[in-house]
Structures are given as structure tokens and as C-alpha cells.
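Taking the form predicted on its own, here's one chain by itself in C-alpha cells.
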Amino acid sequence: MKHRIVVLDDEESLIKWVSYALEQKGYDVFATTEPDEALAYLKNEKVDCVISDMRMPQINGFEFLKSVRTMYPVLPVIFITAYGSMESAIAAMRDGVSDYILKPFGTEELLLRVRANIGKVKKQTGQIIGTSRPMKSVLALVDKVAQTDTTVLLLGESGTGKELIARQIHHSSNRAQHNFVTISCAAVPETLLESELFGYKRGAFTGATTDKQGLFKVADRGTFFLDEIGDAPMTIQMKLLRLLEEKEIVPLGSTRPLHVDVRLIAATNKDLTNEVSAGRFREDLYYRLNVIPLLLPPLRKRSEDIPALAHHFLKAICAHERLGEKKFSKNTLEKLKTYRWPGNVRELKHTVERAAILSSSYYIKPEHLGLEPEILSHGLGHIQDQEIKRVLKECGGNVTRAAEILGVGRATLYRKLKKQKPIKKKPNTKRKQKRSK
């Protein structure tokens, strides 16, 4: 089957030349000078790679990238940019672009970048690293649920790889040839979330000049991964319940329901039973979501997987940044294994990336990791309880803000607060006095 590529550039001559070069090598190409056409095509067709100009009169490259990432979080997107925009291109790499190519470029370089990025996604698909007992249990359950259309609720701390597990379920299912769409309820403002998920009709609100297809419709026959569902507002929860029970959605400004065939995978790091008790989450929706709960273990509970994960991240970043071969020293691996990783796998990945870039030697040493020695095995142990209470008081009880000030992860601070002993009540002196009489 041919790989399908979307080419977007405001220069007609360039997209003709790029299209010809790719088609000569057997690629199926959709080329356009209109960003809206490119996005519409992406919504309706399975695509393996996008090549886009970074600066266009109709839309900024970053805005286009954001729209693509909403639909396809890992789809390779290659920016075409001029030499004078190098800083912007590097910034784009941090914002989710897969690669960039400088003008002027030749056919060989173009083909090399396309092959490398498509190949990279193939290797990433289904690649979950972990041979520890907790991960073996998770993967065994993933294999079972992938063959069904049952709703799955992924639980666990931030950074444990919930999206990777959701993607694995999708790629192992009979929906794999259709779209995998994801959005985070915490990342989108409440005023926009409803229209993003369910779409809207022209005239539904000020500025709605055309109909817009919602992401649930984009995911039709595929899988929808709804992250941070514990942050979904009540209006969204009601519509999600209808989706799960009736397989229907109603776009904003419409009275006509649309049928959608979507397998829903939801995720949260919140305790939804507490949210239900507090009246912030619908009980009926909770039971419809919690058909198959799947708890992902934190990295500290699967420390035997750390070396393999670290080696994997190191190899990937060295290849991507053309850093040459690098290795961890024995002491470095020990440090990685003894650190508690409050940010879990995500934090490990970023730590390895930073160390690989900052180290100028072949071996990555402990000092390259940027981890405080006293935090390696004790977490928040070096910070006095009174200091934590003082910072929390100054932050009005905002744990996220307090964690930032203390220089630790939010999950670490939560664990510390749970372990703190309750304040002892003062003895009842009056009772003692009566007894003495």
C-alpha cells in the first residue's frame, strides 16, 4: 500500500516539484496551497506524513501544526523553512514538529527526511518498553481489551504513559485502519471544548460562519482518547453519557443528532470516586466509563524497567540530534534507578534528553542528569514539614503552585502531604484538674 503525503505551500511551483519528486518514488500525494483544504483532507483520509511551509500568508505554520496535532499527535510533520528562520524551526521542534528542511533543498534530502520520519513512526507504534511484573500485567490486559469495543478507563499518575497505552489498544484493534483522535479536557478552555468535541452548525454563535465537524465525528469508526476526563465540565459530561449510551452527538446549534461509531478510551490521574462524592463528576458517567479500569504503575514501582527505558531514550535523542553514540556510566544508571521520578516516564525522557545534549563526553555522568543528590532517594525528605505548610499557606492551599516554589513534582508533594502525621490535639487540662480534685 502506498504511503500518503500531504504537501502544503503557498508557492505553486514548489508543491508541483515536491509532488513530482515524491510520486516518482511511489508516494501518493495530495498537494494544495490552501491550509483549509489540507486540514479537510487530513480529517477524512489516512495520511502518513505532512510537508508544510512554515510561513504562509493564510496561516502561521504553528497554527497549522496545532490543528494537525489535535487530530494526529504523532503524525510526522516536516516544516519547509528558509535559513533565516532557523530559530523558529528549532522552536517548532519543541512544539511538536517532527523535522524541518532548509530551502533550497534537493530531491535526495527531501526523500531522506520523508523516509526517516515515516520509519520513525512505524518503530514507535506499539513500542512499549517494560518487562517488570506490573507492566506485564498491564500489557496482558491491553491485549485482551484491544479485541473488544469496550470502554476503557486508564488510571495512574501523570507521565505514566496513558496515551501510549491508548494508542497500543487502538493499533491492536480492528479499528487500527481508522483515526486515533485525542484531546485533553484540561488543555482546552471550557468555552471551546464543547465545539471542538461535538462540532457546530453555522450561526450557532458569533463567529460561526460555517459548519464545523467535531472531533468525535473525525474519529468515526476509530478510537477517541479523552485525556484528563476528571476535568471535564458538567455540560460535557452530559453529552459524553449520551455518546456512550446512544452512539449519538448533537453539534452546537443543531437539533439533529449524528450517529458516530467511536471506541472511547478515557484517562485521568484524579480519584473519580472522590470527584463523584464531591459532586464534580456524574455518577452515571463514571460507571459507564469504568467498565474496564486499567491502572498504570508509577515508574518507582517498576524500577527494573528504568535502564531499558533510559537506553531507548538516549539512543533516540542521539540519533535525532545527530550527537553520535553516547553511553551511561555505571554510576549514572544507579542514580537513575534510585531516583523516585515524581514525573514518571515523561520526566525520565526529558532528563535523558537534557543530559545527552549537555554532556560533551562519550559517557553520561551523574552530574549531567541535573538531579539533586539529596532528592535522589528521599524525595521531599530534606524539606521540613513546617516549610511545606508555610509555602502552602502562602499559596492559599494551591498544591501545584507550592510544588513549583519547592522545586518538586506535584505528585511528590501530594505523597508527602498524605504521609504527614496529623497535628496532635492539646490535652484537656480541665479534665485533668477535675481528676486531681
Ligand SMILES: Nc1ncnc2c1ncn2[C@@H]1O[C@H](COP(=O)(O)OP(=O)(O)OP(=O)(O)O)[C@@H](O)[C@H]1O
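The numbering used is simple: start at 1 and walk along the sequence shown. Just so you know, these numbers come straight off a predicted model, no measurement behind them.
Omitted here: the form predicted in complex with this ligand. The next part is about that form.
- Comment: 154-162 is the region of 287-295, 154-162, 319-327, 242-250 lying near this ligand in the predicted complex, near meaning a non-hydrogen atom within 4.5 Å.
- Looking at Arg175, you'd find every heavy atom of it more than 4.5 angstroms from this ligand in the predicted complex.
- Though the partner is left out of this view, Tyr339 does not reach within 4.5 Å of this ligand in the predicted complex, counting heavy atoms only.
- Taking the partner from the other structure, this ligand in the predicted complex has a heavy atom within 4.5 Å of a heavy atom of Met135.
- Contact annotation for Tyr72: none of its heavy atoms lies within 4.5 Å of this ligand in the predicted complex.
- This chain lacks the partner; the member of Asp227, Asp231, Glu275, Glu194 within 4.5 angstroms of this ligand in the predicted complex by a non-hydrogen atom is Asp227.
- Residue in contact with this ligand in the predicted complex (any heavy atom within 4.5 Å), chosen from Ala82, Ile357, Ile128, Leu111: Ile128.
- Shown here without this ligand, the chain has Val345, Arg346, Lys349 in 336-371 lying with a heavy atom within 4.5 Å of that partner in the predicted complex.
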